[in-house]
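Quick heads-up: it's one chain on its own, the form predicted on its own, in C-alpha cells.
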Amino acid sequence: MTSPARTSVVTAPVQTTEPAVAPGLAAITIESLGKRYGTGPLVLDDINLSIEAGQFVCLLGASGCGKSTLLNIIAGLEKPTEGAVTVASGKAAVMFQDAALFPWLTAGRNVELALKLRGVPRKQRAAAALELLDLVNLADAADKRPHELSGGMRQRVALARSLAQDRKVLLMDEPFAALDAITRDLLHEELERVWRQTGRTIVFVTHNVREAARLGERILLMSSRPGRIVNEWTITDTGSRRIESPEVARLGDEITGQLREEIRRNAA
C-alpha cells in the first residue's frame, strides 16, 4: 500500500497547557489490522498506525468505511480478525453519539457512578464529580436530571463521565453529530479546552469534514470497502481554530476533494 500523503497547515503560535503525558511516545499502536465478520468481505484491511500520546486525531471517511469498527477495536469492544492493537496505558474511555445518561440520576450522580466503578471512595465522589462537571463548565447543573438539560449539556455530562474513568486515551464516536451547528461549535471549543488542560490522547470519529479540519491535530482519511488509511493531514501548529476561518475552509475543501475521489472510486 502506498504511503498516505501529508499536508501541513501553519497557523499563529499560541501558548498551550503542558500535556499530562510525555509527547513522542506511542499511546496507540495498530499493526497490520484486518477485520471481517464471518465469511463476509473485509471491513478493514492492513491498517498500520501509531498515535502519539497527547495527540488529537480525527478519523474521517464516508459512511460505512469502518471508522466506528476501528474505534470499537481500539476500545476492546470488538476483536480484529488479524493484526494487533496496543493501547499503552491499558483500556481507553469511550464516548458515543448518544449521551446514554441514566434518566433517574442527576448529572452529578451520573458522573459519580463512573467514579464508583473506578473505585473512588464514596466520601470523595461528590466533590470529584463536581470538579469534573466544572471542567466542562457545567458545575451549576450538577443537581439537574437529563430531561432538564439541553442536548449539548447532556453531551458535556457524558464527556465529564468519560473523563471520570481517568483513562489517558479518549475515543469519541461522532459525539456531536446530532447537535445543531451553534451548539456543536460551542462544544468544539469546550472539547479543545479540555484536551489542552488534561493532555488526553483523543481519537475522534466524524463524517463532518469541517469538524475534522476544526479539531484535528492530525486527520486520517479512510477509504471504503475495505477501510484503509489512504491520506493524512498533519496540522503543524495546533493553535485554536474557528470553524469559519479561512484555514479551516481551505483544509476542509482539500479533504472534501479527496473524500469525493474515494467515494467515486468505490462507486465505480
Partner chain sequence: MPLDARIDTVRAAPHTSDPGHDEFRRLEAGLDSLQAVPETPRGAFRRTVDGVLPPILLLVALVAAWQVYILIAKPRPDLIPGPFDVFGALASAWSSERLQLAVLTSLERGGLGFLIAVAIGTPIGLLLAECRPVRRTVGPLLSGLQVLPSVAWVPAAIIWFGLTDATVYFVILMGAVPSIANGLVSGVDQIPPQLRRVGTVLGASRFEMATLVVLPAALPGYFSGLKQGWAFAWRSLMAAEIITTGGTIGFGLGTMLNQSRELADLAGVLATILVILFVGILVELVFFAPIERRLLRRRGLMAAGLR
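None of these values were measured; they are calculated from a predicted model. Positions refer to the first chain, counted from 1.
Although it is not shown, the form predicted together with the partner chain is what the next lines describe.
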Quick one: does A107 come within 4.5 Å of the partner chain in the predicted complex, counting heavy atoms only?
no
I'd like to know if S89 sits close to the partner chain in the predicted complex, meaning any non-hydrogen atom pair within 4.5 angstroms.
no
Using 4.5 Å between non-hydrogen atoms, is V85 touching the partner chain in the predicted complex?
no
Decide whether T198 counts as a contact residue for the partner chain in the predicted complex under a heavy atom distance cut-off of 4.5 Å.
yes
On the criterion of a non-hydrogen atom at 4.5 angstroms or closer, are A62, L70 and I235 all touching the partner chain in the predicted complex?
no
Within 4.5 Å of the partner chain in the predicted complex: residues from 172-191 (heavy atom criterion):
D180, I182, T183, L186, L187, E189, E190
